[in-house]
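Just the one chain here, laid out as structure tokens, in the form predicted on its own.
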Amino acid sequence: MKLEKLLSKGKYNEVYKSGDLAVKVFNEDYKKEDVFTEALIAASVEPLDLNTPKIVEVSQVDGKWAIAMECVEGKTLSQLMEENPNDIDKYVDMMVDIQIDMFSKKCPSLRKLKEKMTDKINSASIDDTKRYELLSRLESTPKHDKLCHGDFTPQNIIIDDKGQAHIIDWNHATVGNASADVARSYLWLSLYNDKIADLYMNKFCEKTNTDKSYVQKWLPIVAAARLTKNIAEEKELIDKWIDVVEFQ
């Protein structure tokens, strides 16, 4: 497989264009089992009519594991927001509508969100009292079976030249409470732009008739899970969110 143009570069992988395909090449030390798990998750959501790139093959490129998938040409929603700041309201509307549609899908084969969150909280660098409070809060949340992306951000939505949205990077997908996924998206947005984050939260709650406090109760939980990524520039803000408080 010939790798052509570099499309993006992340902490654990690089994505290249190869003909009509996009090839995600993982770092040499990336676990083989995690590569196949990611491919399996992506394949599981393919039949759900969500405009997600189809997996073509899992193979090795220059001794590194790689996933080849359909290449979606376009710009991320994040790029469009940066290029067209006057259209932020429209783009946030689009993001919320896509996410609401995603929540209507069922994918029971995926891992349970509560189980994954429990593992992350147990591995986070927080004191035992705070860990207990977070796990207790998590256990008390209602059990749902919504399809949750786990990393639903403007960077993971590609808009093609026809204006059609495509959701990418499903490796954190689970089934569980939709408000957890919304809290995760809000947290990511708030790390970069508080105003856009608040606009997103307000639009979601208005469109779905969801009490904002219901979503906010998930913020300490998803913040603790985010802490396991060990991103230095995020730590101060994330530590604040982890404090277990009742939002007004």
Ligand SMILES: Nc1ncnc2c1ncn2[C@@H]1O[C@H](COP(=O)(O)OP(=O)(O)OP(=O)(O)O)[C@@H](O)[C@H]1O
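Small disclaimer: the values here were computed from a predicted structure and weren't measured. In case it trips you up, residue 1 is the first one in the sequence shown, and so on.
Absent from the display: the form predicted together with the named molecule. The rest refers to it.
Comment: 153 to 161 is the region of 153 to 161, 113 to 121, 137 to 145, 94 to 102 lying near the named molecule in the predicted bound form, near meaning a non-hydrogen atom within 4.5 Å. Proximity to the named molecule in the predicted bound form, defined as a heavy atom within 4.5 Å, holds among Ala165, Val175, Cys71, Ile88 only for Cys71. The closest non-hydrogen atom of Val15 lies within 4.5 Å of the named molecule in the predicted bound form. At the 4.5 Å threshold, heavy atoms of Pro53 reach the named molecule in the predicted bound form. Proximity of Leu227 to the named molecule in the predicted bound form falls outside the 4.5 Å heavy atom cutoff.
The closest non-hydrogen atom of Ala22 lies within 4.5 Å of the named molecule in the predicted bound form. Heavy atoms closer than or equal to 4.5 Å to the named molecule in the predicted bound form belong, across 180 to 217, to no residue whatsoever.
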